[in-house]
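Only one chain is given next, in structure tokens, and it is the form predicted on its own.
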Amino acid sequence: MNKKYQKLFSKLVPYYVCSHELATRVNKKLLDQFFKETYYFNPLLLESRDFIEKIYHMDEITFGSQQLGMDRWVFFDCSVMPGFVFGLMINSSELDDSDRETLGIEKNEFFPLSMYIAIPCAGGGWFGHNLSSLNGKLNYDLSGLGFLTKTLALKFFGIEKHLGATQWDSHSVFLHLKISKLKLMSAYTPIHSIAETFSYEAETFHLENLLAGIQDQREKEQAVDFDPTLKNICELQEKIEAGALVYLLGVKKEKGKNIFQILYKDKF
């Protein structure tokens, strides 16, 4: 296992927030392999309030500057009631004084460092509504935290098919593509707040292989580079609407820009 994941396993503690009914269906044995304890918070109980306030604070630190912070009613109505929040937290005694000041906490209390939110879809699968972590926001090294949070969340809740939406220029695409290839459902999504958003569907994966850094490279030999300019993504949207099966297999940085490895199952 990669050393950065070993460090996270040794210092962090999982938490999850969801209805009591959904909490009875989680795979507790999965987390027992890696962690000594796991905490559950019922969103309907007042005793959960203090910790959930910390989740709001984490979300504000992560997305507030981008004007993408989550409204409280969205968290309740659209996240923890129909779906779940899963994340990793740390005992603040592990942090330095500067990090505790950033988070507004004292010593010896838990604070969430990441979260993944997924909502069940009527047609099957789960939609990943939010993935965030404080990696890069603190002095404490949290390398690999977002990747670990999403992979554990999907396995903990037994999700075989997951869907999502992200921006072509997002840093998170590296993380999503590290987990699995992405089948594009849309390449250009003007009804989203950001039109240059793609939506995708992905299937299950082997957690052990991912933690060991083992990935299937065979299909990448057939992939071609794709520069997500507005013109290119609009043309790609037309192909998808015409019936093309299009997969994102990887992404690289060229001159500060995301360039994707894309696989067409149908020829155009």
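Don't overthink the numbering: it's just position in the shown sequence, from 1. Since the model is a prediction, treat every value here as computed from it, not as a measurement.
FYI, the form predicted together with a small molecule isn't displayed, but the following is about it.
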- prompt: Is there a heavy atom of K253 no more than 4.5 Å from a heavy atom of the small molecule in the model of the complex?
  reply: yes
task: Indicate whether the small molecule has at least one heavy atom within 4.5 Å of a heavy atom of L145 in the model of the complex.
output: yes
message: Can you tell me if F51 lies within 4.5 angstroms of the small molecule in the model of the complex, counting non-hydrogen atoms only?
response: no
- prompt: With a 4.5 Å heavy atom cut-off, would you call T197 a contact of the small molecule in the model of the complex?
  reply: no
- prompt: For the spot marked by S133, F174 and K178, is every residue within 4.5 Å of the small molecule in the model of the complex through some heavy atom?
  reply: yes
- request: Can you check 164-172, 182-190, 74-82, 94-102 and let me know which stretch has heavy atoms within 4.5 Å of the small molecule in the model of the complex?
  value: 164-172
- request: Report the residue, out of Y40, F35, F63, Y56, that has at least one non-hydrogen atom within 4.5 angstroms of the small molecule in the model of the complex.
  value: F63
